[in-house]
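Heads up, the chain below is alone and in the form predicted on its own; it's given as C-alpha coordinates.
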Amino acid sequence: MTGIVAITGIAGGIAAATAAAFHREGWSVAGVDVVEPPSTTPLVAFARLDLGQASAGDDLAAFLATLAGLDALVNAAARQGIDRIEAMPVTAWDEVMDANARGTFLAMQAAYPYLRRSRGAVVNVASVHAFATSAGAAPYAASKGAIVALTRAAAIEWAPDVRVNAVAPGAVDTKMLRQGVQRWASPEGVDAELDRLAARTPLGRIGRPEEIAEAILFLADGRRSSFITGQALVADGGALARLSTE
(Lines give C-alpha, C1' and ligand atoms only; values in the text may rest on other atoms or scores of the structure.)
Protein backbone atom coordinates (compact mmCIF):
# COMPACT_ATOMS: atom_id res chain seq x y z
CA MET A 1 0.00 0.00 0.00
CA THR A 2 1.18 3.53 -0.75
CA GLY A 3 -0.49 6.88 -0.29
CA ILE A 4 -0.09 10.15 1.58
CA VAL A 5 0.83 10.22 5.26
CA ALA A 6 0.88 13.24 7.57
CA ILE A 7 3.32 13.02 10.48
CA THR A 8 3.27 15.42 13.41
CA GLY A 9 6.44 16.21 15.31
CA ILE A 10 8.33 15.54 12.08
CA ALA A 11 11.60 17.03 13.36
CA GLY A 12 11.81 14.48 16.19
CA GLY A 13 13.88 11.32 16.09
CA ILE A 14 11.08 8.74 15.81
CA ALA A 15 9.07 10.90 13.40
CA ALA A 16 12.05 11.52 11.12
CA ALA A 17 12.80 7.80 10.99
CA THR A 18 9.13 7.15 10.27
CA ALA A 19 9.16 9.63 7.39
CA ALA A 20 12.15 7.79 5.90
CA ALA A 21 10.43 4.41 6.30
CA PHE A 22 7.25 5.58 4.57
CA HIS A 23 9.26 7.27 1.82
CA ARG A 24 11.14 4.04 1.10
CA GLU A 25 7.80 2.29 0.68
CA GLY A 26 6.67 4.84 -1.90
CA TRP A 27 4.45 7.01 0.30
CA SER A 28 4.32 10.80 0.04
CA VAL A 29 5.08 12.39 3.40
CA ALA A 30 3.69 15.66 4.77
CA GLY A 31 5.08 16.97 8.05
CA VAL A 32 4.06 19.24 10.89
CA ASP A 33 6.22 20.61 13.71
CA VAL A 34 7.02 23.73 15.70
CA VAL A 35 10.52 23.77 14.20
CA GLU A 36 11.84 23.23 10.70
CA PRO A 37 12.90 19.64 10.04
CA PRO A 38 16.30 18.80 8.55
CA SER A 39 16.51 19.44 4.82
CA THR A 40 17.12 15.73 4.27
CA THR A 41 13.64 14.82 5.52
CA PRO A 42 11.68 13.50 2.51
CA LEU A 43 8.66 15.83 2.56
CA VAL A 44 6.21 16.92 -0.11
CA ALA A 45 4.72 19.53 2.24
CA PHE A 46 5.46 21.06 5.64
CA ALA A 47 3.52 23.26 8.06
CA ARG A 48 5.04 25.00 11.05
CA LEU A 49 2.38 24.56 13.71
CA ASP A 50 2.26 24.22 17.48
CA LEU A 51 -0.27 21.50 18.20
CA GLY A 52 -0.27 22.53 21.83
CA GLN A 53 -2.27 25.63 20.88
CA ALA A 54 -6.07 25.49 20.93
CA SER A 55 -6.25 26.99 17.42
CA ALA A 56 -3.99 24.31 15.96
CA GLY A 57 -6.87 22.14 14.82
CA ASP A 58 -8.15 24.71 12.36
CA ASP A 59 -4.64 25.47 11.12
CA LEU A 60 -3.91 21.78 10.60
CA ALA A 61 -7.21 21.26 8.80
CA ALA A 62 -6.30 24.07 6.41
CA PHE A 63 -2.90 22.47 5.79
CA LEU A 64 -4.37 19.03 5.15
CA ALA A 65 -6.81 20.57 2.66
CA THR A 66 -3.84 21.53 0.48
CA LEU A 67 -2.73 17.90 0.10
CA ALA A 68 -3.84 15.61 -2.70
CA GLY A 69 -5.45 13.33 -0.14
CA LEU A 70 -4.66 11.60 3.13
CA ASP A 71 -4.30 7.90 3.81
CA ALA A 72 -2.62 7.86 7.21
CA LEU A 73 -1.96 10.13 10.17
CA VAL A 74 0.96 9.54 12.54
CA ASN A 75 0.83 11.55 15.75
CA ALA A 76 4.42 11.70 16.96
CA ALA A 77 4.55 15.26 18.33
CA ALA A 78 5.40 15.20 22.04
CA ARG A 79 6.72 17.26 24.88
CA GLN A 80 8.49 15.84 27.90
CA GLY A 81 7.91 17.11 31.43
CA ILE A 82 10.08 15.93 34.31
CA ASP A 83 9.23 17.13 37.81
CA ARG A 84 7.67 15.77 40.95
CA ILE A 85 3.93 16.26 41.33
CA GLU A 86 4.12 18.38 44.47
CA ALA A 87 6.64 20.74 42.88
CA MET A 88 5.13 21.04 39.42
CA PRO A 89 3.57 24.36 38.34
CA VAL A 90 0.18 23.87 36.75
CA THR A 91 1.50 25.66 33.66
CA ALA A 92 4.13 22.95 33.22
CA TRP A 93 1.45 20.26 33.54
CA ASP A 94 -0.72 22.04 30.97
CA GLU A 95 2.14 22.41 28.49
CA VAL A 96 2.74 18.66 28.40
CA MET A 97 -0.94 17.66 28.38
CA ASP A 98 -1.80 20.23 25.71
CA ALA A 99 1.03 19.23 23.39
CA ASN A 100 0.68 15.47 23.82
CA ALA A 101 -2.94 14.65 24.57
CA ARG A 102 -4.86 17.63 23.19
CA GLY A 103 -2.52 17.90 20.20
CA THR A 104 -3.21 14.28 19.27
CA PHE A 105 -6.95 14.86 19.65
CA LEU A 106 -6.90 17.99 17.47
CA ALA A 107 -4.86 16.29 14.76
CA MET A 108 -7.24 13.34 14.67
CA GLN A 109 -10.24 15.65 14.40
CA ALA A 110 -8.67 17.58 11.54
CA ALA A 111 -7.66 14.43 9.65
CA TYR A 112 -10.87 12.44 10.12
CA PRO A 113 -12.82 13.64 7.04
CA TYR A 114 -9.92 12.75 4.76
CA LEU A 115 -9.18 9.43 6.43
CA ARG A 116 -12.82 8.42 6.32
CA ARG A 117 -12.86 9.10 2.58
CA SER A 118 -9.73 7.01 2.00
CA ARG A 119 -10.57 4.38 4.65
CA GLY A 120 -7.21 5.17 6.14
CA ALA A 121 -5.49 4.76 9.48
CA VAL A 122 -4.23 6.66 12.50
CA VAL A 123 -1.15 5.63 14.46
CA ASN A 124 -0.60 7.48 17.72
CA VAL A 125 2.81 7.38 19.36
CA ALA A 126 2.19 6.66 23.05
CA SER A 127 4.78 5.26 25.47
CA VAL A 128 5.38 2.45 27.94
CA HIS A 129 4.84 5.23 30.50
CA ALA A 130 1.13 4.79 29.75
CA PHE A 131 1.35 1.43 31.53
CA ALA A 132 4.25 1.68 33.98
CA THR A 133 6.18 4.80 34.87
CA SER A 134 8.76 6.33 37.16
CA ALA A 135 9.00 9.18 39.64
CA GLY A 136 9.05 12.63 38.10
CA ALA A 137 7.22 11.68 34.90
CA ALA A 138 3.61 12.32 35.95
CA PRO A 139 2.48 14.69 33.16
CA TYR A 140 4.21 12.68 30.47
CA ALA A 141 2.78 9.40 31.75
CA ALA A 142 -0.71 10.89 32.14
CA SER A 143 -0.64 12.34 28.63
CA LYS A 144 0.50 9.06 27.09
CA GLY A 145 -2.14 7.17 29.05
CA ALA A 146 -4.71 9.57 27.66
CA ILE A 147 -3.46 8.86 24.14
CA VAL A 148 -3.91 5.11 24.62
CA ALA A 149 -7.45 5.63 25.92
CA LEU A 150 -8.23 8.03 23.06
CA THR A 151 -6.91 5.46 20.59
CA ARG A 152 -9.36 2.84 21.88
CA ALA A 153 -12.30 5.26 21.90
CA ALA A 154 -11.61 6.49 18.35
CA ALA A 155 -11.20 2.94 17.06
CA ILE A 156 -14.72 2.18 18.24
CA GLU A 157 -16.28 5.41 17.01
CA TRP A 158 -14.56 5.45 13.63
CA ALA A 159 -14.91 1.79 12.71
CA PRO A 160 -15.22 0.43 10.12
CA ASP A 161 -13.98 3.38 8.06
CA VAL A 162 -10.79 4.34 9.91
CA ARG A 163 -8.45 2.08 11.88
CA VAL A 164 -6.85 3.67 14.95
CA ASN A 165 -3.90 2.14 16.77
CA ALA A 166 -0.98 3.22 18.93
CA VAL A 167 2.66 2.31 19.33
CA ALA A 168 4.07 2.39 22.85
CA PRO A 169 7.86 2.64 22.64
CA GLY A 170 10.17 1.99 25.54
CA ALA A 171 13.56 3.67 25.76
CA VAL A 172 14.61 4.75 22.27
CA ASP A 173 17.85 6.56 21.49
CA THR A 174 16.50 9.99 20.59
CA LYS A 175 17.34 13.55 21.53
CA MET A 176 14.31 13.61 23.84
CA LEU A 177 15.50 10.54 25.76
CA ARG A 178 19.00 11.95 26.12
CA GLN A 179 17.66 15.30 27.34
CA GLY A 180 15.54 13.50 29.92
CA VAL A 181 18.41 11.33 31.12
CA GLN A 182 20.67 14.39 31.31
CA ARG A 183 18.57 15.75 34.17
CA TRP A 184 19.39 12.88 36.50
CA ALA A 185 22.56 11.45 34.99
CA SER A 186 25.47 10.58 37.27
CA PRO A 187 28.84 12.31 36.86
CA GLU A 188 29.72 9.51 34.44
CA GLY A 189 27.38 11.11 31.91
CA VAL A 190 24.40 10.28 29.71
CA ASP A 191 26.00 7.41 27.81
CA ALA A 192 26.81 5.60 31.04
CA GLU A 193 23.20 6.01 32.20
CA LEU A 194 21.93 4.69 28.87
CA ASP A 195 24.23 1.68 29.23
CA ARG A 196 22.71 0.95 32.64
CA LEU A 197 19.23 1.36 31.19
CA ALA A 198 20.11 -1.07 28.41
CA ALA A 199 21.43 -3.58 30.94
CA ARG A 200 18.06 -3.56 32.72
CA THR A 201 16.23 -4.27 29.44
CA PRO A 202 15.72 -7.96 28.57
CA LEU A 203 17.04 -7.49 25.02
CA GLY A 204 20.13 -5.85 26.46
CA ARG A 205 19.90 -2.55 24.63
CA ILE A 206 17.70 0.48 24.06
CA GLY A 207 15.72 0.87 20.85
CA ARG A 208 16.52 2.63 17.62
CA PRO A 209 14.10 5.12 16.03
CA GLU A 210 14.08 3.00 12.85
CA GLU A 211 12.65 0.06 14.78
CA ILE A 212 9.71 2.10 16.05
CA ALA A 213 9.22 3.47 12.54
CA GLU A 214 8.73 -0.05 11.19
CA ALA A 215 6.06 -0.73 13.81
CA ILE A 216 4.28 2.49 12.86
CA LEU A 217 4.45 1.63 9.16
CA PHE A 218 3.00 -1.81 9.88
CA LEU A 219 -0.01 -0.36 11.71
CA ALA A 220 -0.61 2.33 9.07
CA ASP A 221 -0.47 -0.03 6.10
CA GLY A 222 -3.87 -1.55 5.43
CA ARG A 223 -2.35 -4.56 3.69
CA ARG A 224 -0.27 -5.53 6.70
CA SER A 225 -2.62 -4.75 9.58
CA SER A 226 -6.10 -4.69 8.06
CA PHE A 227 -7.73 -6.53 11.01
CA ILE A 228 -6.02 -4.54 13.78
CA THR A 229 -7.66 -1.55 15.44
CA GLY A 230 -7.89 -0.14 18.95
CA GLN A 231 -4.57 -1.66 19.99
CA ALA A 232 -1.38 -0.37 21.60
CA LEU A 233 1.65 -2.20 20.23
CA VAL A 234 4.41 -2.17 22.84
CA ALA A 235 7.96 -1.96 21.45
CA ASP A 236 10.19 -1.82 24.51
CA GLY A 237 12.77 -4.58 24.30
CA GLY A 238 10.82 -6.53 26.92
CA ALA A 239 10.96 -3.87 29.63
CA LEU A 240 7.30 -4.19 30.67
CA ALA A 241 7.59 -7.98 30.85
CA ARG A 242 10.04 -7.83 33.75
CA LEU A 243 8.87 -7.48 37.35
CA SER A 244 10.22 -4.32 38.93
CA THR A 245 10.90 -6.34 42.08
CA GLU A 246 13.03 -8.92 40.24
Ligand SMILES: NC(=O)c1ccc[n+]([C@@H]2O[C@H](COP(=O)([O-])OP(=O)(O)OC[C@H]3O[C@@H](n4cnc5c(N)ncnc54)[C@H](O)[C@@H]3O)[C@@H](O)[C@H]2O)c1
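Everything numeric in this text was worked out from a predicted model, so none of it was measured. Numbers for residues come from their place in the sequence shown, where the first is 1.
The same protein also has a form predicted in complex with this ligand, omitted here; what follows describes it.
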Does at least one non-hydrogen atom of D50 fall within 4.5 angstroms of this ligand in the model of the complex? yes
Is there any non-hydrogen atom of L150 lying within 4.5 Å of this ligand in the model of the complex? no
4.5 Å heavy atom contact, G230 to this ligand in the model of the complex: no
Does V234 reach this ligand in the model of the complex if we count a contact as any heavy atom within 4.5 Å? no
Counting only non-hydrogen atoms, the one stretch of 63 to 71, 23 to 31, 217 to 225, 50 to 58 within 4.5 angstroms of this ligand in the model of the complex is 50 to 58
For this chain shown on its own, do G9, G13 and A99 all sit within 4.5 Å of this ligand in the model of the complex, going by heavy atoms? yes
Using the arrangement in the model of the complex, list in sequence order the residues of 105 to 138 with any heavy atom within 4.5 angstroms of this ligand. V125, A126, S127
